[in-house]
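As a starting point, one isolated chain is supplied in structure tokens, in the form predicted on its own.
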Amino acid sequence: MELPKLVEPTVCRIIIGPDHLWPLPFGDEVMPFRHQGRGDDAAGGGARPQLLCGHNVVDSHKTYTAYVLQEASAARAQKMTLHEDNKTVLIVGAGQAGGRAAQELAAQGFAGRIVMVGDEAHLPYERPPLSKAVLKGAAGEDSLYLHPAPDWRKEGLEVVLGDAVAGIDHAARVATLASGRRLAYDSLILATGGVARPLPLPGGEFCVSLRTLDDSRKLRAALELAGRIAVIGGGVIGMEVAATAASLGKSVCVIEAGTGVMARILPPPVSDWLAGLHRDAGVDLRTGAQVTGVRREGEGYVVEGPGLSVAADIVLSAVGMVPNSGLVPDEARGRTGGILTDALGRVPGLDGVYACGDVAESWNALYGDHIRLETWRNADRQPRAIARTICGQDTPHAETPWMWTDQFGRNIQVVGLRRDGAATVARGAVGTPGSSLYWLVDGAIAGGVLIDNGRDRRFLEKLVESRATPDLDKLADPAVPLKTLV
């Protein structure tokens, strides 16, 4: 097969790949090479870059052909020379964090080899809609992806999907995949995320979970046939699925062991309001309920516990996630099980290794502690900062925690980390559109919840970041714009 013609001026990355160009199962011994041509050479009749190939490369029992994967302008060619060291960055994890790291490396003009490996069969995608719009069918799966497949090819990346990294020799800087392939690297970015925490009770195997796109597909298909769903766990995922299922007309029961829903991030007044919102929508919400097991009964299941017997067609276990931190030694893990990093995302004791996203337990100067954040924005920003650091621009990252959830048409945004026993100040009646509830530590704003009030989010973040100590009467007064207190 003939190679496509190059558009001059250009930077070419020649790779080894199958005829369809996707996925890209490179042989370990096969390395890409680069030929750069200056735009003025091409325009002025000078030497043009030559495409060097001409024969097939045999890898195991398959034969692949060389293809052009990337073309770029002369300006990009000049930018790429800034990092012309032919080194390899291996990104383990092809979710949102891994995808953002790869995109930023390309955007910064990293001229070495960029390889991204994921255990799922999907291109990098965002997870928040999995329990809401996508699960409900209000949004298509295409809306999840960071890039469609052709755009990943344009970035000049090597992407390996459906083949997890099984082990890493940190001393040799070599990763071994489940398939047995070995990939050498110079820098390693661990963006491995986590897995849904299994229900550690008898009958836990009967439960479904929601962490991945495949999980969402499975749950959506089950909901089409089911009339009743029991949700074990009243955290963010559990409550979002409950709201989605109820809006689809399903009978929903949420079973939460604690005294409130989403209690890890919401202060009691907001938690109580959200519980009422669900109950008003017909959700059977049981707090302070202990589950001891799940058993089969006919075509369905029964969730059991002291004074508890809930029949359901589907049982969702939504009891949190476990960080995928098994690729580093025990001493590199923090108290939440994440991978410890400094502010630059570097893993102490492992030269050239970085971690980002849900798995990273990173030093945060705002809190003076290592913090692990399972948020969309951290998975978006932290990998970009790490990519810039790898490209020679040290970029410390300290995320101000922010998350949001949409349930029954109401938008709830949370800034900061909730503190038990913190003083609170309400702006408006909790739950009314535009209302807020702030918490303070030593007189300074440490965080807050905004209900249908996203316009105030950036001002609240500034107040939290500056540890502001505003006049409390003004803070409570809806007539005083929050931005005037910054």
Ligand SMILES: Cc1cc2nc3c(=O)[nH]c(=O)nc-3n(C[C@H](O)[C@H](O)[C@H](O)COP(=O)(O)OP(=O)(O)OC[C@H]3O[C@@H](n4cnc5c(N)ncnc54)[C@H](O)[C@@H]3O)c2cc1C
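Not measured: the values here are computed from a predicted model. Each residue number is its position in the shown sequence, starting from 1.
Omitted here: the form predicted in complex with the named molecule. The next part is about that form.
Open item on the list: Taking a heavy atom within 4.5 Å as contact, would all three of 164, 191 and 374 count as contacting the named molecule in the model of the complex?
Closed with: Judged in the model of the complex, 164, 191 and 374 all sit within 4.5 Å of the named molecule.
Task: Exercise: residue 361 in contact with the named molecule in the model of the complex, heavy atom 4.5 Å - done: It does not: once the named molecule is placed as it appears in the model of the complex, residue 361 has no heavy atom within 4.5 Å of it.
Task: Distance check, residue 219 to the named molecule in the model of the complex, heavy atom within 4.5 Å - done: No, residue 219 sits far enough from the named molecule in the model of the complex that none of its heavy atoms falls within 4.5 Å.
Open item on the list: in the model of the complex, is there a heavy atom of the named molecule that lies within 4.5 Å of any heavy atom of residue 333, even though the partner is absent here?
Closed with: Output for residue 333 is no: heavy atoms all beyond 4.5 Å of the named molecule.
TODO: Report whether the minimum heavy atom distance between residue 345 and the named molecule in the model of the complex is within 4.5 Å.
DONE: Contact check for residue 345: no, nothing within 4.5 Å of the named molecule in the model of the complex.
- [ ] Mind telling me which stretch in 309 to 317, 283 to 291, 244 to 252, 353 to 361 gets its heavy atoms within 4.5 Å of the named molecule in the model of the complex?
- [x] Looking at the other structure, the answer is 353 to 361.
- [ ] Would you kindly say which of 144, 207, 327, 183 lies with a heavy atom within 4.5 Å of the named molecule in the model of the complex?
- [x] Contact check passes for 327.
TODO: Go through 109, 305, 203, 128 and name the one with a heavy atom inside 4.5 Å of the named molecule in the model of the complex.
DONE: It is 128 that has a heavy atom within 4.5 Å of the partner.
TODO: Scan 111 to 135 and write down, in order along the chain, each residue with a heavy atom lying within 4.5 Å of the named molecule in the model of the complex.
DONE: Those in contact are 117, 118, 119, 120, 127, 128, 130, 131, 132.
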